[in-house]
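The chain below stands alone and is given in structure tokens; this is the form predicted on its own.
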Amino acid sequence: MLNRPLSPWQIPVLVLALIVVLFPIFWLVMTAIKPPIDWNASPAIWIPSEPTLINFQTLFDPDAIRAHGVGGVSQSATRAVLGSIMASLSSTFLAVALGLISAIGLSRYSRTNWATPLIILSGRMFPPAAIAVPFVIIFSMTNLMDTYPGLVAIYTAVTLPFSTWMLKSFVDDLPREMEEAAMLDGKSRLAAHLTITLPLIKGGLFSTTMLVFILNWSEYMFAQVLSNTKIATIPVQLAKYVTATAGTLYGVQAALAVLAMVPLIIGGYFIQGHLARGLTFGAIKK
């Protein structure tokens, strides 16, 4: 594609689009560094004159903000951060690994009709609220309620159809002859997939992993319904910063939201090349 300068009418459109996209992030970051007195200031304070890190400190030391006359933070966010990391990484690994196996099986060895992948994807078509109650009943009977294994299990179950469907499309784009040639050279079916299929869909695998991780990292409904006192995640912890005694702790909420964005931004930066390739892989047919 040739790099051409933007036309005069494209520049203001681009600027407007950037403002719409970046303004919520700007406001979030500014709120995270505002002192409590500026949270509900009228008129609104766009950029704090005295930035502070007290909101970030409060996440891990609930008593830190009491010096500013604000109470109501009852627990540290450390458990929620660690819980999100553990649950998201574990469920993403399981969903992508099982999805890759399923995708290869459906693409290369399935003798079922064309509707099978659609039936698998139908698991993503149900609203979370519609299947939350059945899962609560099942998990209560199996002692998985309010446990991290239960949370990992539900995250994996919810994202596995998406992972399978997306990875299958990448495997479908590879000629079968490449794997068959490897097997003619003496490789087993498993070795052919590991040495031929897997490297060639690396871009799709990276993009699928990132998208599944984002879904797990930001999931709220199941984490809220299936947790009580023993487990916590960042989305659930964000909701806990609305208290009866202190109202909404906007600055503390914003600080935790900023921290939650960090792994997504870092991960997106390092795999952006693979992500772009994965999202366009197979777009052009030869």
Partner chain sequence: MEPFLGLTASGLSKNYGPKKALDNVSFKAPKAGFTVILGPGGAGKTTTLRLLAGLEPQLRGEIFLGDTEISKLAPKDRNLAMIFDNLALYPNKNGFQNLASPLIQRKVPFEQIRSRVFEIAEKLNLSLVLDRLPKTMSGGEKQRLALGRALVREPRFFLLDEPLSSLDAPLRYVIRAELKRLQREEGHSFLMATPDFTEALAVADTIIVLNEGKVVQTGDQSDIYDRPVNTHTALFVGSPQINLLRSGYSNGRISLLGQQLPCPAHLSEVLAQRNLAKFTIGLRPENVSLILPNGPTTIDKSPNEKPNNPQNPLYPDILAQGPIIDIESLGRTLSVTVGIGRELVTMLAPATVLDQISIGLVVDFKIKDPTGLSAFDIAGLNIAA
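Numbering follows the first chain given and starts at 1. All values derive from a computational prediction rather than experimental measurement.
Beyond what is shown, the protein has a form predicted in complex with the partner chain; the following relates to that form.
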Should residue 196 be counted as a contact of the partner chain in the predicted bound form, where contact means heavy atoms within 4.5 Å?
yes
May I ask you to state whether residue 180 is within 4.5 Å of the partner chain in the predicted bound form, using heavy atom distances?
yes
With a 4.5 Å heavy atom cut-off, would you call residue 184 a contact of the partner chain in the predicted bound form?
yes
Going by a heavy atom distance of 4.5 Å, is residue 188 a contact of the partner chain in the predicted bound form?
yes
Could you spot which one of 128, 149, 175, 105 gets a heavy atom to within 4.5 Å of the partner chain in the predicted bound form?
175
Find the only residue in 211, 200, 166, 94 having a heavy atom within 4.5 Å of the partner chain in the predicted bound form.
200
Per-stretch contact check against the partner chain in the predicted bound form, the hit in 96 to 104, 140 to 148, 188 to 196, 203 to 211 (non-hydrogen atom, 4.5 angstroms)
188 to 196
